[in-house]
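What follows is a single chain, given as structure tokens, in the form predicted on its own.
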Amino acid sequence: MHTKYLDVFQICDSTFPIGTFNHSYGMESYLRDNRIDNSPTFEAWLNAFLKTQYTYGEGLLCKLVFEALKKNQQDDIWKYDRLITVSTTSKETREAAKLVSFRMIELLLALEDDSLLRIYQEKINSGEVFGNPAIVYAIAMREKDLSVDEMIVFYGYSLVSTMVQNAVRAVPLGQIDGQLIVKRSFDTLNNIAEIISSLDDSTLGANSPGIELSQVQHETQVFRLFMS
């Protein structure tokens, strides 16, 4: 009866081994500059990330791919794949999206065959598209009977839980502080889903310069805990 939610929880769980725990998405640059050094400063960074890069990036991508799938317009999905990739300034972030999506497809296909995921995998392998985990997620969720808002909130939760785990190790944060941040992110994620409902593909890839610059700076950071 509740299998569809368990399928979603499995994919969105931070233990799902797709490698996101290896990436900081610029947080480590803020750590190096001591702009993140405790729970409040990490939470401020996380909220900025969610309200900019997530909202106009993978969050919006979930909605656009979901709508394209409903209209059976697969070519739009490949267009969004290119648009989100070329809109990402940091090379490491682009590479991280490709690596995570590739690993995610492998795992999902091992759990359940999916013809469209196989097509996406073939297109990534042939270089026709780049690969993005939000597209993989939206394709995998298309038959789970979720609303767009649910898809966006669940995917956002997976990012929050992973980033909090990274912060617990890197800042470091206490476990209670980390879980309080996760709890407080719920309202933020619901608000983001509402904002995304009014967006179209003209804003896909819009990002905060500070977040993007931190990801570019991370590429040349000498000592690193994370890949990007």
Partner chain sequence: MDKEFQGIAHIEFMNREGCLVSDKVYNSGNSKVSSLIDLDHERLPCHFLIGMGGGLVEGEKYLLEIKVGRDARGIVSSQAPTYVYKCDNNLTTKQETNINIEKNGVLEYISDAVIPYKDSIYHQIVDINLDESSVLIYSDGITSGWSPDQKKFQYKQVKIKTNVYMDNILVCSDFILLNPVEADLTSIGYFEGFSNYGSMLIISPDVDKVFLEDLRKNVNQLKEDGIEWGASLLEVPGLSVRVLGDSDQMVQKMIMLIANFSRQRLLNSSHLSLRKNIY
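Positions refer to the first chain, counted from 1. Just so it is clear, the model here is predicted, and its values are computed rather than measured.
Absent from the display: the form predicted together with the partner chain. The rest refers to it.
- In terms of contact with the partner chain in the predicted bound form, the residue from Gln121, Thr89, Gln74, Ser158 that brings a heavy atom within 4.5 Å is Thr89.
- Stretch-level contact check against the partner chain in the predicted bound form with heavy atoms at 4.5 Å: of 66-74, 36-44, 166-174, 183-191, the positive one is 36-44.
- Put simply, Ser197 is far from the partner chain in the predicted bound form: not one heavy atom of it is within 4.5 Å.
- Mapping the unseen interface onto this chain, Lys51 counts among the residues with a heavy atom inside 4.5 Å of the partner chain in the predicted bound form.
- Residue contact with the partner chain in the predicted bound form: Pro209 places a heavy atom within 4.5 Å of it.
- Taking non-hydrogen atoms only, Leu204 approaches the partner chain to within 4.5 angstroms in the predicted bound form.
- Shown here without the partner chain, the chain has Arg82, Leu83, Thr85, Val86, Ser87, Thr89, Ser90, Lys91, Arg94, Glu95, Lys98 in 77-106 lying with a heavy atom within 4.5 Å of that partner in the predicted bound form.
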